[in-house]
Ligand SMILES: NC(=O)c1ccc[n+]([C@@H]2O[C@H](COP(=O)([O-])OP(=O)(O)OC[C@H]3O[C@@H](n4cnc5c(N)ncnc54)[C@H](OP(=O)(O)O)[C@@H]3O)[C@@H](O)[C@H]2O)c1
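Encoded as structure tokens, the following chain is the form predicted alone, with no partner shown.
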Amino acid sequence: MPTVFITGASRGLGLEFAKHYAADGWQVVATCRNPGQASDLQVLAAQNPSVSVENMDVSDHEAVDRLAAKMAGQTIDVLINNAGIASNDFSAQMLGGFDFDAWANLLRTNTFGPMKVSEAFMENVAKSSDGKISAVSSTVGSLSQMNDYPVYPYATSKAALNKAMRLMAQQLRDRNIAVICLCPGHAKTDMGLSADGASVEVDDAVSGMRKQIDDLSMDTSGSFKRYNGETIAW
């Protein structure tokens, strides 16, 4: 039975990933900041013995290290860096009104978080015969595309994540670990960015991203894909 490790699994895309993999019989390690408040995830775990819920805040490096020590020696076949934060306060994310503390917090969670988790659990993934590391990113992190809302902190946190994942793909090639960045489209989640105009159902976004992970190989490692399979320009 393969194992998937998911960050930010208490709601939205992360919870949907957990549901999908559990339904297909995978061992699911679902992590979140406050397991006691993750009622939907706890219900899923109660209904599926293959789902374990772990306490881990990706921005807390000591917490990441604690869980990595607890899981030392266990195989992770797919690692999904899903946890991320955003904000509806656009005024604090635009030129002339920057909240630099909030910007640093986004970088710590959206960029440093996936890098810390990937580094901490790299040996677990290396134990798999077909290890894969993925990160949920966004087209707002693409340098090739202009966006209607110049939300500097969120966009730069994703652009930095994209570059870091690209570098990781290169570094881990010799260890036969494939790496991919994924965009879920404008999915109908309750994440901080405004859901106005969201057109992609969460189930469709996760089904599509999972297919990109399933199809990922060493030949396509380092790619940036939309949930529908479209390649996104960096």
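Predicted model, so just to flag it, every value in this text is computed and none were measured. Each residue number is its position in the shown sequence, starting from 1.
Omitted here: the form predicted in complex with the ligand. The next part is about that form.
Chemist: Test of understanding: in the model of the complex, would S223 fall inside 4.5 Å of the ligand by heavy atoms?
Modeler: No, S223 stays farther than 4.5 Å from the ligand in the model of the complex.
Chemist: If we define contact as a non-hydrogen atom of the residue within 4.5 angstroms of the partner, is M56 a contact of the ligand in the model of the complex?
Modeler: Close contact exists here: in the model of the complex, M56 approaches the ligand to within 4.5 Å, heavy atoms only.
Chemist: When the contact criterion is heavy atoms within 4.5 Å, does Q212 count as touching the ligand in the model of the complex?
Modeler: No.
Chemist: Would A120 count as touching the ligand in the model of the complex under a 4.5 Å heavy atom rule?
Modeler: A120 lies outside the contact set for the ligand.
Chemist: Could you tell me which stretch in 65 to 73, 45 to 53, 177 to 185, 162 to 170 has residues with non-hydrogen atoms within 4.5 Å of the ligand in the model of the complex?
Modeler: Going through the listed ranges, the match is 177 to 185.
Chemist: Can you list, in sequence order, the residues from 75 to 91 that come within 4.5 Å of the ligand in the model of the complex, counting heavy atoms only?
Modeler: Contacting residues: N82, A83, G84, I85.
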